[in-house]
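What follows is a single chain, given as structure tokens, in the form predicted alone.
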Amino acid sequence: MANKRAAKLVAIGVIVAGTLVAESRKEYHFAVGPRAGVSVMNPYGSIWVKPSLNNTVVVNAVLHSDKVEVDNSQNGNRVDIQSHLLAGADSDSGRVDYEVLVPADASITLHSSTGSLRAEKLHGDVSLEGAGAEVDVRDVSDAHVHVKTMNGPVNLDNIQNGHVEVDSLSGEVTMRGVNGPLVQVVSTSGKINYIGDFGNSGEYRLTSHSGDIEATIPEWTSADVSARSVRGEVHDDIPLQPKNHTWFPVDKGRAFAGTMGRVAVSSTVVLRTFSGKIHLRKRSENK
């Protein structure tokens, strides 16, 4: 019995040792100029992008096995990073987790099928695409933010003066403190949550076929709002000044349209769903 137990422990040790040997770390440095372009394509694994302290792109990669390599290249002011799967690689052995530091004004393009995608504290354009990956973008200003995902959740936090476009199949989309000239979310069945004040003089279009839409805003918001659900319900907790003319019939419980706040600086807000529910909520003062 003791010999069998010892043999089992040795086998486990070999497996653990093999795993530790197979996992490796790589680091790459690239000198770039203003408004560089950085692309990271990663079939399996996470990507986290943060600002660097100078005009250098630093890529830290954790490879989970010897079944994957990191291809990297620089062409002028553009840096391309790609996980290269070798024969026999799968979602576990082909995983690479990236931490990437870029100049704050760099434009980034990130792709991962399974790992999380995160970008923060940048003011260059941000384009993120994933299948089931969780997407998190925060503290970004004066930039285009494009997100495309299938069923992964999307969280956008503190996006100031952004041109924001989100396309999701079924993942829940949550926005906190997001404003800009254009904020557009299109979802097939995922829920859309907006928490903010709709900025000044922007265009906000939140559309879902069967998902619910919920907007939580302060009472002092200035906006021209229209909401419509063909088969679902609509609710409005904030009194609106009714509009004299609308392009659709205002049917209580199905649609509403009106203005609130200062019309001269108001944003245009359009909320649409086919069978989901729409709720315009008043944010309490302590939130």
Partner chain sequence: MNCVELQQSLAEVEDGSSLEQRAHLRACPACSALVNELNLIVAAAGELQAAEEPSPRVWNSIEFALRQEGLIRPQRPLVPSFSARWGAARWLVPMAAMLLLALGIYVRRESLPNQMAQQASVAVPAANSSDLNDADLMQEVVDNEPAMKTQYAENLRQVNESIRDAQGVVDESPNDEDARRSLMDAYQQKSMLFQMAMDRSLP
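Residue numbers count along the first chain shown, from 1. The shown structure was predicted, so the numbers you read here are calculated from the model rather than taken from an experiment.
This protein has a second form, the form predicted in complex with the partner chain, left out of what is shown; the following refers to that one.
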Tell me the stretch among 127-135, 68-76, 99-107, 154-162 that has any heavy atom within 4.5 angstroms of the partner chain in the predicted bound form. 127-135
Name the single residue among Asn200, Thr188, Thr216, Ser116 that comes within 4.5 Å of the partner chain in the predicted bound form, judging by heavy atoms. Thr188
Which listed residue (Asn179, Thr174, Ser170, Ser93) meets the criterion of a heavy atom within 4.5 Å of the partner chain in the predicted bound form? Ser170
Using the partner position in the predicted bound form, report whether Leu53 sits within 4.5 Å of the partner chain, counting heavy atoms only. no
Proximity of Pro43 to the partner chain in the predicted bound form, heavy atoms at 4.5 Å: yes
Using heavy atoms and a 4.5 Å limit, would one call Ala31 a contact residue for the partner chain in the predicted bound form? no
Closest heavy atom of Met150 to the partner chain in the predicted bound form, within 4.5 Å or not? yes
Quick one: which residues from 192-213 get a non-hydrogen atom within 4.5 Å of the partner chain in the predicted bound form? Arg205, Thr207, His209
